[in-house]
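Okay, so here's just one chain, in C-alpha cells, the form predicted alone.
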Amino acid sequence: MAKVKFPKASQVDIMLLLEGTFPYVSGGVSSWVNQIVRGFPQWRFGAVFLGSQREDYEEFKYDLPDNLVHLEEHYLHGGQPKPVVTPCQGNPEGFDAIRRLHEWFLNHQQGILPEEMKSLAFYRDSPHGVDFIQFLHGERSWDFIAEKYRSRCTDPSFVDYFWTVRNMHTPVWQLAEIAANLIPARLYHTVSTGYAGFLGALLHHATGRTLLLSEHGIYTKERRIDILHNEWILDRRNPLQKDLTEVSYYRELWIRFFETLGRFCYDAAGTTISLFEGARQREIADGAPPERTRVIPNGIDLSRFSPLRRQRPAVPPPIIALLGRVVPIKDVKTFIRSLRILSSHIPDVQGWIVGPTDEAPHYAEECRRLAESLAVADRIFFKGFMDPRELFPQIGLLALTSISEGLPLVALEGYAAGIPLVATDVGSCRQLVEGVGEEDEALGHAGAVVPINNPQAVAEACLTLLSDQDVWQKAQAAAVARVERFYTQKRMFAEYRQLYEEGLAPWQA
C-alpha cells in the first residue's frame, strides 16, 4: 500500500470526529462528510479517524478536500502499548465516581452525570481520578470488577468476565489521551455517538467548545444489531441452556456499554441532529435532551443528477440495482432471493449489486453462493464500485432491502435521476417513498415500501413497478418532485451554516 501523506495543521475551525467512516469507507456517512467539508470552503476542517485495527482498512476512498487541513487516525483495538505493571491501591474517590456512573446509567437519570468523569484529568492524573495504570493494576479496580461479577454476571466464568471488561473499557483511556493531545479547534462535530461521540464529549468538557452531534443511523441500535450477529462475543451457554428469546450476558454487556457512551455524548452535545422525526424520537428515548434536538434531512446537489433524466428510457429496463456495501445490515440475501421469485415473471430481469465487498468478505461469499444455489448466478451481478451517474441511466429501479437505514443518500440521488425506489420499512424510507405531511404526500408514491426480510414482498413490488408503465412513470414523477422540494443540498447547507456560525461565534479571533 502506498504511504499516504496526512495533512497537518496547528489549529482548525471545525474538528470532525469520525468512527469507521471517511476517508477509508465509501458511501453513506462518508459521502455526507465529504459533501459537508467541500460545501463550506470558508472554514478549515480537521478530522480524527477512529478505527478498530489498521489492517481492517485499505486505502483512502476519497480525495481529501483542500480545506481539510488536518487528519489523524487512531486504532482502538490495535495492540497499543500498555503501561508497565505497577501495583497500586487506586484512588477511592475515583472509584466512587465510577460507581456513581454505573448507578446513573442503570437508573436512566439525566443531568447528574458525575462531574469528575467529564474531566480529562480524571483519566490521566492519578490524584484526580482513575488513570490507566489504576484501571489495569489497581487493587480497587480488581475489587470493583469482582463485586460487579458477583452481583450481576450470569456467566459462570470470572476469567471471561474480567477480560471482557478490560478489553471493553481500555479504549476509554486511549480516547482521553487523544483528546489531551489533539490540536485546538473552535468547534467539534461528531457524526455518531459511540467512541467518536465519547471523544467529542471529553473535548467539549475540556475546552468549553460547542459539540454538534449528527446521527445518520442510531449508533446504539446499529451496534445492537452487530452485536447480536457477531460470533466473537462469548456465549458459554450450551444448546440446552440457550433461550432464543434471551440475549447472552456478554452481548447485553456490550450493548449497555455503547448505550452508556451514547448517553455521555447526548449529555454533552449542544445540538443533536437527526435525519428524520422517528430518529429524533429514538434519540430522546435513549437520553438526548428533547430541547437540544432537531431534524435536518440529507440533501443532494441536484445539478449532478438531474441531467441524467434525459437519458432515461421510455419503458423501464428490467434491471434492479441495490446500491450499498455488501454487509449483513443491508440484507443483500433478501434481494437475491427476490430476484429468484421475479425471474419467474420477468425472464430477462437482472439484479445489480453495486458496492464494495471487502468490508465483510465472508458475507459477500455467502451471497455469491446463495445466488448459485438459487440458480440466479447468471442474473445477479456484483459490480463493485460504480459512479451513480454511470449506473442510473441503465436501471429501472433502485432497491434497498436493509434491516436498518437512516436517510439513504443513494435514494435521493436516484430520485434526482428519476428512478423509483423499493425499500424496506426502516429509517426514513417510508417518508421518502410516501411523503410525510399533506404537501409531501400529495406528490404521490415514489415507489413502494415493503417489510424487512420478505423476498416475496420485494419481488411483488418490483414486478408492479416494472410491468406497469403508468405506475412506473408516476413513481418517477413523484421521486423527482419530492427530492426537488424537500431534499436539496442548498436547504441542508443553510441549516448547517447556521449551526456552525452559532458554534464558532463565541471563539472568533
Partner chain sequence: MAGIGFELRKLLRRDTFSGLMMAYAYAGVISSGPWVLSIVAVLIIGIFSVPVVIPPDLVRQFQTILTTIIAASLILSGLVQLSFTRYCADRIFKKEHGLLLPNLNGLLLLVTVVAAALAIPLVIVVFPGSSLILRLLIVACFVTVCNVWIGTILLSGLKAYKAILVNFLLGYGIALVLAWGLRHWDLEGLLLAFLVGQFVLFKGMLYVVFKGYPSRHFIQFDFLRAGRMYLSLVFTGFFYNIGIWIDKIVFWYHPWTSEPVIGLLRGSPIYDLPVFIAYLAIIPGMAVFLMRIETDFVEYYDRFYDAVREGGSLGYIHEMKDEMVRITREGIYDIMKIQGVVILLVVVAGGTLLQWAGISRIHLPLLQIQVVATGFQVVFLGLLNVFFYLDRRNRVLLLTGLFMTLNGLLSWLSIQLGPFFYGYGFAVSLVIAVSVGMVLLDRDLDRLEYETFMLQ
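Positions refer to the first chain, counted from 1. Source: prediction; values computed, not measured.
Only in words, not in the display: the form predicted in complex with the partner chain, which the text now covers.
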item: Contact residue in the predicted complex, chosen from 436, 403, 136, 97 - any heavy atom within 4.5 Å of the partner chain; value: 136
item: Residue among 92, 347, 156, 307 with a heavy atom within 4.5 Å of the partner chain in the predicted complex; value: 156
item: Which of 335-343, 282-290, 145-153, 173-181 lines the interface with the partner chain in the predicted complex (heavy atom within 4.5 Å); value: 145-153
item: Partner proximity in the predicted complex: residue 163 to the partner chain, non-hydrogen atom cutoff 4.5 Å; value: yes
item: Partner contact for residue 87 in the predicted complex: the partner chain, 4.5 angstroms, heavy atom; value: yes
item: The partner chain contact in the predicted complex: residue 141, any heavy atom under 4.5 Å; value: yes
